[in-house]
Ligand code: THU
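One chain comes next, on its own, written out as structure tokens in the form predicted alone.
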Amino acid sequence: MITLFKRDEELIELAIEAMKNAYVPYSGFRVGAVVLTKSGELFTGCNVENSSYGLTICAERVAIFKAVAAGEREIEKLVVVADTPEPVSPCGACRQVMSEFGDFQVILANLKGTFKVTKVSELLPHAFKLQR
């Protein structure tokens, strides 16, 4: 059985707080996320819907993009929370964006206290990568 560290529990709480800011007038499906960078900085995100659904952005990408906009490139951990029966899982677009920044730890959680600890490579085993 995997147990969470106190810091992980705090990150889940931050993601739950971020989830409250979600703008979801169409689906009502709130998601919150937190990125912890290797430098120790925290960035939160929530999903933001749009009547033109393709312009909607997920909580995971909001948190990652905020980190990148602040000059961070090295992610240590991402936490994602939603009010779902099982721990919420990132969409394919989020998984691809996550893979751009490494094979970091990902904690998927719900409001019932259920969680799953995984890594980016487990969520997207054959990610698209440019050959540099």
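This one's a predicted model, so the numbers in the text were calculated from it and none came from an experiment. Note that residue numbering follows the sequence shown and begins at 1.
Omitted from view is the form predicted together with this ligand, to which the following refers.
Figure legend: unbound chain with this ligand modelled from its position in the predicted bound form by local C-alpha superposition. Site open, with zero ligand atoms within 2.4 Å of backbone or C-beta atoms. Heavy atoms within 4.5 Å of this ligand in the predicted bound form are found in exactly one of 57-65, 99-107, 36-44, 70-78, that being 57-65. By the criterion of a heavy atom within 4.5 Å, Glu49 is counted among the residues contacting this ligand in the predicted bound form. Interface residue remark: Ser89 is counted as part of the site for this ligand in the predicted bound form, having a heavy atom within 4.5 Å.
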